[in-house]
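One chain follows as structure tokens, the form predicted alone.
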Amino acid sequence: MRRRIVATPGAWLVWGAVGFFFVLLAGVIGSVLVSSFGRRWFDTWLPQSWTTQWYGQAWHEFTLLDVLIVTVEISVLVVAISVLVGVPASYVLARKNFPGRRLLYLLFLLPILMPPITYGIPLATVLYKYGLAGHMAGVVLANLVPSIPFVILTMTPFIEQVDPAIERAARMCGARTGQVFARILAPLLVPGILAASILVLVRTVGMFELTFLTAGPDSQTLVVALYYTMSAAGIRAQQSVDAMAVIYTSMMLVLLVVALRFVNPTQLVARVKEDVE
């Protein structure tokens, strides 16, 4: 006999809330998307005519090419520095047992779990004091605070999955530490490094608080430029602002699709090792 699965009222309530959320989200995104192509839209379900001129106007009026170049430069620098610092640090955490290891791991979790604004304001104060904020260097340093711990927490499970016997065998054959890391571990850790790099890239492009607090006129990423465009004084067409928002949303969607393509979420769960007493 087949068993009938009957959904409980609680399950229907949860699925209803989830469905309502996605319908509301689709409505908000759809209205912005339609507005970015509409010429005139008053008291009707759809615009009376369609055009793509708002994208060209937004591209030139808001100098989006320069903003995109700055966004790419900051993101690449943050990813490169985070990987260069985070991978060796995650190797130490994965392979070495030392006093305070769990406390150090907890400290790395704090910038990820805490809202960025809570530590962003004092961090920006320090960066302004030393003349770093307002420039690209300040934006990169601010974004490194959550990015390096993110790489460490992402890479640690990948390193734990590599058998330490491989490293011992390489050392017995005369390989030095640098050679073991470059020729043995690095090829095995390429999926993890790629996953960490893509996730940090997505996080950096979408990071608003830290970038907003430390960016200057020439170091704004796309999300900060979008905020200034919406809140700046003056008269500008709402459709051009919507076109800029669509460009930002499209870029984030592409990055998320790439991240889901190359990142396996089950590999990001660190294995907890019991200390041998």
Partner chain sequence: MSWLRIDGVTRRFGGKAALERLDLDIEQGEFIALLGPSGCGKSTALNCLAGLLPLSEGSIWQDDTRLDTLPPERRGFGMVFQSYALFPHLSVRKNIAFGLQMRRLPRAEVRRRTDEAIKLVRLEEHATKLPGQLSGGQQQRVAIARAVVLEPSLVLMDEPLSNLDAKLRLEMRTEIRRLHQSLGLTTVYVTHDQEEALSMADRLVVLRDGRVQQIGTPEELHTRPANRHVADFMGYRNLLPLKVTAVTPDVVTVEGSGLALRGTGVGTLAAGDEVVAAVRPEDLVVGEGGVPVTVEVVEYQGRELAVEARTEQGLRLHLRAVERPAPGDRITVVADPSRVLVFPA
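No experiment lies behind these values; they were computed from the predicted model shown. Residue numbers count along the first chain shown, from 1.
Just so you know, the form predicted in complex with its partner chain exists too; it's not on screen, but the next bit is about it.
At a distance threshold of 4.5 angstroms between non-hydrogen atoms, I184 is in contact with its partner chain in the predicted bound form. Taking non-hydrogen atoms only, C173 approaches its partner chain to within 4.5 angstroms in the predicted bound form.
Taking non-hydrogen atoms only, R168 approaches its partner chain to within 4.5 angstroms in the predicted bound form. Among heavy atoms of V72, none comes within 4.5 Å of its partner chain in the predicted bound form.
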